[in-house]
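The chain below stands alone and is given as structure tokens, in the form predicted alone.
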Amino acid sequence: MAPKPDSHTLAASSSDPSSTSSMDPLLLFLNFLPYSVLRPPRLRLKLPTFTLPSPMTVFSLVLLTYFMVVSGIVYDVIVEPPGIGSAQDPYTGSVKPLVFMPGRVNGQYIIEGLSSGFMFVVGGVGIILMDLALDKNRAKSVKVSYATAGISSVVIAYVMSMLFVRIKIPAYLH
């Protein structure tokens, strides 16, 4: 014996517009007529298979994205600063190129952002090399090479970044 429908299911099915019992007869006829004459084709479509990218590809994309973010690409696109600045030498009167926008902490030339971003990436790669130097399965000479390259990269990146800050803000930390 079939179960008796309760009042909630009857109310829900009568208010459902996709239900065939509540459809207009003309609409039912228009839905039925084309499919009684025409037959939809049987397509044998295969879903495309996507392979995961290699870890080195993902690392390269993340490193490139990091470089673009810390270089200030968004600022460069919105503000459209010049690539490099210029200033007139007071003694000779010749025009000198300026890489760093002096005195403005919240402004930069394009080359300034790219050089600072490159130094941040060099420091990040140095930290990665120091991490690779801790691998127990590597030869000792390789571990020493990784550690030396990593420490020197971090030191160079720090010293250059502090030099950039001192060029940009001459009275910083004095």
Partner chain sequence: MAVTKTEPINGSTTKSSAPPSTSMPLKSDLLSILSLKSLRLKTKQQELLIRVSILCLVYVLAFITRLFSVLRYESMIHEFDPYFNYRTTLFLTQKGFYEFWNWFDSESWYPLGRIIGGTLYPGLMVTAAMMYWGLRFLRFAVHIREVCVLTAPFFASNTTLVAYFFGKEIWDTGAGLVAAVLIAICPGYISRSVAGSYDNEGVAIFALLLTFYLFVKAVNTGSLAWGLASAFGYFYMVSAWGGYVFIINLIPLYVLALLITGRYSMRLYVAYNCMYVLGMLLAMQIRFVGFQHVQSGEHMAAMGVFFLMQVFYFLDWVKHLLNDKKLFEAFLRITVTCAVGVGAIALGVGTASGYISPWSGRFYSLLDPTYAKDHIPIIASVSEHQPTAWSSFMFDFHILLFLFPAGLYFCFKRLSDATIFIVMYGLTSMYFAGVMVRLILVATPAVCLISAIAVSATIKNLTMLLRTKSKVSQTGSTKGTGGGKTSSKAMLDQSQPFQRNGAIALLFGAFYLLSRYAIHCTWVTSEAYSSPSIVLAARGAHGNRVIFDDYREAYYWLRQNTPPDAKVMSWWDYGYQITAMGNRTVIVDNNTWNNTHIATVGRAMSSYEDEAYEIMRSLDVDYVLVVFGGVTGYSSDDINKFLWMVRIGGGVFPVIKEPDYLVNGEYRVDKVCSPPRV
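Everything quoted here is computed from the prediction, not taken from an experiment. Here the rigid core means the biggest group of C-alpha atoms that line up within 1.5 Å when the two forms are laid on top of each other. Residue numbers count along the first chain shown, from 1.
The same protein also exists as the form predicted in complex with its partner chain; that form is not shown, yet it is the one meant from here on.
Proximity of L52 to its partner chain in the predicted bound form falls within the 4.5 Å heavy atom cutoff. For the chain shown alone, A149 is not a contact residue for its partner chain in the predicted bound form, no non-hydrogen atom being within 4.5 angstroms. Mapping the unseen interface onto this chain, V74 counts among the residues with a heavy atom inside 4.5 Å of its partner chain in the predicted bound form. Taking the partner from elsewhere, K140 is found to have a heavy atom lying within 4.5 Å of its partner chain in the predicted bound form. Contacts between 92-126 and its partner chain, taken as any heavy atom within 4.5 Å in the predicted bound form, involve F100, V105, N106, G107, Q108, E112, G113, S116, M119, F120, G123, G124. Annotation: Cα of V58 displaced by at least 2 Å between the shown form and the other one, core superposition. With the core held fixed, the Cα of T148 is displaced between the shown form and the other one by less than 2 Å. Annotation for L30: C-alpha shift of 2 angstroms or more between the shown form and the other one, rigid core superposed.
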